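Next up is one chain by itself, shown in C-alpha cells, the form predicted on its own.
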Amino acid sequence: MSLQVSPVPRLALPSRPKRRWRRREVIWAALLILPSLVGFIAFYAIPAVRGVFISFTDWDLLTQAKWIGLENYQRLLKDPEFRNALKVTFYYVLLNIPLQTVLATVIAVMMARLSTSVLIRAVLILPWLMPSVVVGLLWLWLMDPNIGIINVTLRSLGLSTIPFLNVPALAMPSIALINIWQYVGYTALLLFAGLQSIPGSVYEAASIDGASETQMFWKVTLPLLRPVMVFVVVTSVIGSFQVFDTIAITTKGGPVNATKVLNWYIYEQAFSRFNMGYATAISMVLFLMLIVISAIQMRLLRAGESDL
C-alpha cells in the first residue's frame, strides 16, 4: 500500500508590475513626507538636542557658553522660586482640566442629543480660533476693576466690584476660567466627534433592557467614549502645563507670584535675568515631567484599548 503525499503549495510572490508599483508608492510617500520631516528636524529635533547641551552650561546669551555640568540641575533642587512655579502650575492644571473636561462632555452630549447644527459648532469653536493674545486682551478689559464690563455691571446692580486679576486668591482661578472659555468649545467638538462614532444599536439595546438615560450615559457613553477622552485629557494636560500667553498678557506672573507658572519662570530666567542655561534646564525638567505624566495617564486610562 503506497502513501500519496500531496505537494506543498508554493507561496505566490507578487508580480513584477505590482512590486514596481509598490516601490513607486513608497517613493511618492517619502517625497510627500520630506518637507514635514525637514521642518521637524530643523525646528524641533536640532533645537531639542542643542537645548540638552545648553542645560549643562552657564550662558547669558551674550558671551561664550561655559560648561558647568549638573550645576543647573542641582540648583533646581534648592530654588524656592522653581518650587513655587511648580506648585502654581499644578494648581492651574487642577483648576483647568476637571472643569473643562466636564463642561465639554456636557456640551458634547447636549449637541448629540438636541442639535447637530453646523452653526452651533462654528460658534463653539470660534474662541479657540482666536489667538491667545487676543483672548487675553479681551478678558483683561472685561475684568478691569474700573472700566471692565463685568465690574460696571456689578456696580450698576449695587454690588461691589471684584478685582479678578489683582488679588492672589482670585488671579489663578480667573486665568483658568479664561482658558476654559477659549478651549472648552474645541474640546466639546472632539468629544462630539467621538459620540458620533458610537453605534446607535448599542443605545437601542440598552433601551430595550430598560436602561435610563443616566444609566446609558455612565454604562454606555463614557466607556465607549474612553479613547477620545484619553486623547482629550492627555493633550489638555500637556497644554495646561505650557500655559504662557494668557499670563503674559494679563498678570505677568503676579500678583505676588500667584500666577508665575513654569513657562513664565523659564521666560523670566532666559530673557529677563539672562540665565539661558538655567532656563533650559528647567525646560528639560518640564519636558521629562510631561512625558512621565502622559505615560501615567495613558496607562491608567488604558489608552491602547477600546470597548467598541
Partner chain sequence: MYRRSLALVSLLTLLAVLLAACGGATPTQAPAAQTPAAQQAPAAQPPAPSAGQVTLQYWLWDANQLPAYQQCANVFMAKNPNIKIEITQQGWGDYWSNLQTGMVAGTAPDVFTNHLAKYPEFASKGQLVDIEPYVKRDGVDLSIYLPGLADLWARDGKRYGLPKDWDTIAIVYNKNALDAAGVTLDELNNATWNPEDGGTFGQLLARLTVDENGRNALDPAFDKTKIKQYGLIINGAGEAYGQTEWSWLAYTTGWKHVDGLYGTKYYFDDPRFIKTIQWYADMMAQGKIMPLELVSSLGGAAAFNAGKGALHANGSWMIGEFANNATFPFGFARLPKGPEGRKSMFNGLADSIWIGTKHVEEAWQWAKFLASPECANIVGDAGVVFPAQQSGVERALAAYQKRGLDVSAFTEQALEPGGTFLFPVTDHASEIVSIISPVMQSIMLGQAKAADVLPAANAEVNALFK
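In this text the structure is predicted, and so the values were computed from the model without any measurement. Positions refer to the first chain, counted from 1.
Only in words, not in the display: the form predicted in complex with the partner chain, which the text now covers.
Novice: If the cut-off is 4.5 angstroms on heavy atoms, which of these, 219, 121, 83, 155, is the one near the partner chain in the predicted bound form?
Specialist: Comparing distances to the partner chain in the predicted bound form, the residue within 4.5 Å is 155.
Novice: Of 49, 26, 34, 70, which one comes within 4.5 Å of the partner chain in the predicted bound form, counting heavy atoms only?
Specialist: The residue from 49, 26, 34, 70 that makes the contact is 34.
Novice: Verify the flagged residues 91, 200 and 292 against the partner chain in the predicted bound form: is each one within 4.5 Å by a non-hydrogen atom?
Specialist: The answer is no: none of the three residues contacts the partner (heavy atom, 4.5 Å cut-off).
Novice: Want to guess which of 162-170, 126-134, 181-189, 211-219 is within 4.5 Å of the partner chain in the predicted bound form, heavy atoms only?
Specialist: Looking at the partner contacts, the answer comes out as 162-170.
Novice: So in the predicted bound form, does residue 112 come within 4.5 Å of the partner chain, heavy atom to heavy atom?
Specialist: Output for residue 112 is no: heavy atoms all beyond 4.5 Å of the partner chain.
Novice: Using 4.5 Å between non-hydrogen atoms, is residue 44 touching the partner chain in the predicted bound form?
Specialist: Residue 44: no contact with the partner chain in the predicted bound form.
Novice: Residue 231: heavy atom within 4.5 Å of the partner chain in the predicted bound form?
Specialist: Output for residue 231 is no: heavy atoms all beyond 4.5 Å of the partner chain.
Novice: Is residue 273 close to the partner chain in the predicted bound form, meaning a heavy atom pair under 4.5 Å apart or at it?
Specialist: Yes, residue 273 lies within 4.5 Å of the partner chain in the predicted bound form.
Novice: Taking the partner chain in the predicted bound form, which residues of 47-71 have any heavy atom within 4.5 Å of it?
Specialist: If the 4.5 Å heavy-atom criterion is applied to the partner chain in the predicted bound form, 47-71 yields 50, 60, 61, 62, 63, 64.
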